[in-house]
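One chain is shown next in structure tokens, namely the form predicted on its own.
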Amino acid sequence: MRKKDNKVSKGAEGKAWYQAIGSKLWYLFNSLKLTLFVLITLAIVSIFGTVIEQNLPAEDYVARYGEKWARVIFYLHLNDLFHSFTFQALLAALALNIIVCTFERFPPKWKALLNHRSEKFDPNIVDRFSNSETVSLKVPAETAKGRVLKAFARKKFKTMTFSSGSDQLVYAWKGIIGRFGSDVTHISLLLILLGAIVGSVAGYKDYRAVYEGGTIKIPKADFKLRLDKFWIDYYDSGQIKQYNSLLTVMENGKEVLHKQIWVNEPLYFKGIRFYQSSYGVAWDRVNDAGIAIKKKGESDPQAPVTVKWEQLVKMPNSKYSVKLVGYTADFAYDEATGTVYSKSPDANNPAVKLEVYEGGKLVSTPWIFLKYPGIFPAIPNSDTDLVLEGYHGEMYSGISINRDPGTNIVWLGAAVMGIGFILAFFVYHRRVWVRIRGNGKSTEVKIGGMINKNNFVFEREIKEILDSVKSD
């Protein structure tokens, strides 16, 4: 009878199945192709998140893009893209990619650079460098060696000395930290990604349209925000110069902060920023409307009366009072649900809804139209009708609310990235070997070496060191 094999199953290369899977995952996240794919995908996703304004009310997306595309936007979470699972997964994939690449390349580099001083100095290595110079001095070898060490010290090089027979050997190096510029940059990218993930998970972006005197409750906060005033500044040409909001922060019923905000000048309070992002005329309410009485048989209506929003006003020369309770910019009616809505935010077919009272009794709630006066009687079974003569729209201020606890981490990452760029682009790793050989009458000093970048600077530095040795 065949014995059971209790050993872990192995692949073709002799690895256990979990080791094989681990190797494939490691190879995947160590791939430059993955890096490019994630970066390009992030760029495309960010474009969608920029073009489609985020965190608007659902009706705004319907009004802007239509019901069909609004459904697509909500299904793909394009209305809150930067907090979606897709965006967070892309950030996590990029972070893993950077971590694996760093672990793949950093340890060998660290080991090689730490052990560079223990390398055996081959006296003939100097002859093999393209960057090499030779000078003959009429001084003893020890004196020449002292000059060489002094010249390196002036250039802030670290040095080690060796002997090989009658030859004196010097090894010098400088700027080794520049080799780690790319690794510091990787760390900065991880910090920036961490900040983005923290902001995506723990933060939020919201948008609120608020009218003068209106108050909004701030999500995940213990204070409210009140809009005291909204106004627009204009150039002499009539073009809009700036739009502004005067805001008050209210905490525990008390006013704790007043600030005027405008574009690029936000209000900051308790880790939350409030930006002036938009403005407009409300599509669902007005400031006031001109309502006039029109008697049957008369061609012209009477003088209009100004009726403010939700204010009961007595109509002159009649037994009726009216209250302005509704408005729609582009009137539409859904027969299936019996609801009135606005097809667009533009005033293509404006209409107002009134409450009509006779004495204290509500007798009708008609919609009356600016473009089609008298199309439907406002007061049933009466010789009196109501006409909409005009209205003043209600301006609102669009406030973007942004809470991002990862901001400080991102700023730290940006600072570390600056250090990484300086190390990578402006600190050069030089390694120089010097062979000093005396023949009794003179001493030959041969110097050669290598640099990880900017060969022109290195050639000039080698020449300066030799000039210093000759002129000492």
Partner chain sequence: MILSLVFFTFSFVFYLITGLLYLGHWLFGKKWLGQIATSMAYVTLLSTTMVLITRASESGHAPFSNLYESMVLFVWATNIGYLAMEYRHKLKVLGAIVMIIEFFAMLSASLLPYRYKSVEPLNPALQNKWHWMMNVLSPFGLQKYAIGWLDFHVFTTFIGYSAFAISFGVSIIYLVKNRYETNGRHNSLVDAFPDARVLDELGYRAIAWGFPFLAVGIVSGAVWANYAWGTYWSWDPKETWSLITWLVYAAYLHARVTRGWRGKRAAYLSIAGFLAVIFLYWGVSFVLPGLHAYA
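Positions refer to the first chain, counted from 1. Model, not experiment: these values are computed from the prediction.
The same protein also has a form predicted together with the partner chain, omitted here; what follows describes it.
- When contacts are defined as a non-hydrogen atom within 4.5 Å, none of Val135, Ser163 and Ser471 contacts the partner chain in the predicted bound form.
- With the partner chain omitted here, the record of contacts in the predicted bound form names 398-406 of 318-326, 352-360, 367-375, 398-406, defined by a heavy atom within 4.5 Å.
- With the partner omitted from this view, the residue of Pro266, Gly181, Gly393, Pro345 that lies near the partner chain in the predicted bound form is Pro266 [heavy atom within 4.5 Å].
- For the options Lys150, Arg71, Lys314, Lys241, the one in contact with the partner chain in the predicted bound form, meaning a heavy atom within 4.5 Å, is Lys241.
- When the partner chain is considered in the predicted bound form, Ala58 lies well away from it, no heavy atom lying within 4.5 Å.
- In the predicted bound form, Arg460 approaches the partner chain with a heavy atom inside 4.5 Å.
- Heavy atoms of Lys145 never reach within 4.5 Å of the partner chain in the predicted bound form, leaving it off the interface.
- Using a 4.5 angstroms threshold between heavy atoms, Leu388 stays clear of the partner chain in the predicted bound form.
- In the predicted bound form, the residues of 394-427 lying within 4.5 Å of the partner chain by at least one heavy atom are, in order, Asn402, Asp404, Thr407, Val410, Trp411, Ala414, Met417, Phe421, Phe425, Phe426.
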